[in-house]
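Before any questions on binding or motion, here is one chain by itself as structure tokens, the form predicted alone.
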């Protein structure tokens, strides 16, 4: 069975307005340029075997996006050590648009579950405008105390009322490290589950009140949970994330 290469990357700055489908095309081009032996699907119109994690809403940033790349069963030209992985990360980052940078790489077994099946929880930093920090704190308290929070959604041309409260694992007002304390916008830190149905950051903010408006939204982590424990799909351990993340911030600014 072919192995897979798991890639963790960031999406920051103006590229956040690029759709998930366009990001997939960017990755296809970058992987072709890298020379990696990427496996393809069968059929009349073969496509590279890429499996992305949870789709990021258009307009949102992320520090933790994931992509699994299926490799053909060939032992040559495969990354086998941290030095080769670091070179590959740099090569892929240079082939991608500004704001998309690889921060970690790892080989995973071919039989591992897909990212969309594994991830059950996401952490978010949400910039909120229109209300003061104290007003926002009261709105957060009301939402967390509510037995249910209704949101209207459209599926297959029909309007449904869904309860988003079970998907809000935690929610709190926080101070964002990038902002100064004087005149800074207010931020929320949220943990939102992905099953049975996920909650978009904009839906959550709108549920806090008519005057509450979402500014920036940034996914900071994705989590796999089993047996009361949690971990990220790709842990930092290759020495790539610190240096490459700094490079990503510089490119996206």
Partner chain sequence: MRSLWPRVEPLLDGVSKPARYIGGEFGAIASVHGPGQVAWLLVYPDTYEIGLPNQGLQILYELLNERADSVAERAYAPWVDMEAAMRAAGVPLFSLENHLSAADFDVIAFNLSAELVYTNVLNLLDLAGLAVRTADRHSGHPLVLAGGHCTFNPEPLADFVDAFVLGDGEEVVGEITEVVGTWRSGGSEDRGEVLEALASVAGVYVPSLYRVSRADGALAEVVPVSPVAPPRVEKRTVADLAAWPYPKRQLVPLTEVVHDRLNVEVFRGCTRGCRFCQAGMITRPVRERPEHQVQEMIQAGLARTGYDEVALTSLSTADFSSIEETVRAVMSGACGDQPVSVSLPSLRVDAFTVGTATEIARARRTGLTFAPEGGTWRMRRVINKLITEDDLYGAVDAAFANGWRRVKLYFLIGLPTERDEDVLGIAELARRCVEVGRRHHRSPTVVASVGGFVPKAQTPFQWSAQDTVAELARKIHLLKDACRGVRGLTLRWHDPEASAVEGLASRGDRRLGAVIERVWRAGGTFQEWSECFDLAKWEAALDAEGLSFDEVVHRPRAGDEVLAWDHLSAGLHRDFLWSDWQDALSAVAVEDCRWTPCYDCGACTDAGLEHVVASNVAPAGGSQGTGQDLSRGDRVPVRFVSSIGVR
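This structure is a prediction, so every number in the text was calculated from the model and none was measured. Residue numbers count along the first chain shown, from 1.
Another form, the form predicted in complex with its partner chain, is not on view; read the next lines as being about it.
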Contact test, all of 14, 33 and 46, partner its partner chain in the predicted complex, heavy atom 4.5 Å: yes
Which one, 197, 29, 200, 189, lies within 4.5 Å of its partner chain in the predicted complex by heavy atoms? 29
Sort through 203-211, 63-71, 222-230, 33-41 and report the only stretch with a non-hydrogen atom within 4.5 Å of its partner chain in the predicted complex. 33-41
Verify the contact flag for residue 86: yes if a non-hydrogen atom of it lies within 4.5 Å of a non-hydrogen atom of its partner chain in the predicted complex, no if not. no
Indicate whether its partner chain has at least one heavy atom within 4.5 Å of a heavy atom of residue 97 in the predicted complex. yes
